[in-house]
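Okay, so here's just one chain, in structure tokens, the form predicted alone.
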């Protein structure tokens, strides 16, 4: 864990010595704050579901900015070879870089706690859906970052990594529409793979273990194939 933390601290430092962290956090808060105001003003309902869905889509578009450089830059600069020859496991490299991105995202999530706080202070919301919506947003964001980290392992070009990550995320977001068209058992299975559908269930206040397992499984799957991708390149 010490090696993982060393890598994570290195990545966090690189985020904040460049404009990346400030731009991503600033834009996310600006857009999410706008959605919060518009949705609350138009619906007059003290609920978090609408704002969480919009924040989730917004972060899907922005998450590649966080992940695209994590491994692509190492490849471009040649420092990935140094990491490979150091006494650090590939899994520790991946875990450290993912942890750094996750901490940055967690900071963004903590800042957005102000939105449900406003609802509690000035309204009488149902706290259950607010809790499950925030939990779903955090798990969804963690999935975005795992997908983006995998995309970053595919190319030394950051733009290509960002585009690949975005395509995969959009596919996983809208795959539920195909499930609705197909219908039946196959359609239900395809719909269960949709990030949007799993978030909607949590947004309704339903704390379903299946929805939580989906995100955790997706995170571990993409981290696993990232490790295997790097191990293959290493040898």
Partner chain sequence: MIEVKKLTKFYGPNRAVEDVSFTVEKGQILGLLGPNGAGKTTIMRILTGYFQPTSGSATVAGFDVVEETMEVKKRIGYLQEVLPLYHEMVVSSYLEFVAELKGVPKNDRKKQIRKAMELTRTNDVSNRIIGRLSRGYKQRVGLAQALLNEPEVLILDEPTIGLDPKQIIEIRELIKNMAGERTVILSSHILPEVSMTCNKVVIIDAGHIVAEDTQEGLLQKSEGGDRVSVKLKGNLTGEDIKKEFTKINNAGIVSVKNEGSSTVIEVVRAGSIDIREDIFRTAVKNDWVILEMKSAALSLEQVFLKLTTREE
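Not measured: the values here are computed from a predicted model. Numbering follows the first chain given and starts at 1.
The discussion below concerns the form predicted in complex with the partner chain, not included here.
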**Request:** Report the residue, out of 100, 162, 134, 80, that has at least one non-hydrogen atom within 4.5 angstroms of the partner chain in the predicted complex.
**Result:** 80
**Prompt:** With the partner left out of view, is residue 88 within 4.5 angstroms of the partner chain in the predicted complex by any non-hydrogen atom?
**Reply:** yes
**Asked** Is residue 84 close to the partner chain in the predicted complex, meaning a heavy atom pair under 4.5 Å apart or at it?
**Response** yes
**Complete:** Taking the partner chain in the predicted complex and a 4.5 Å non-hydrogen atom cutoff, the residues of 7-34 making contact are 7, 9, 10, 14, 17
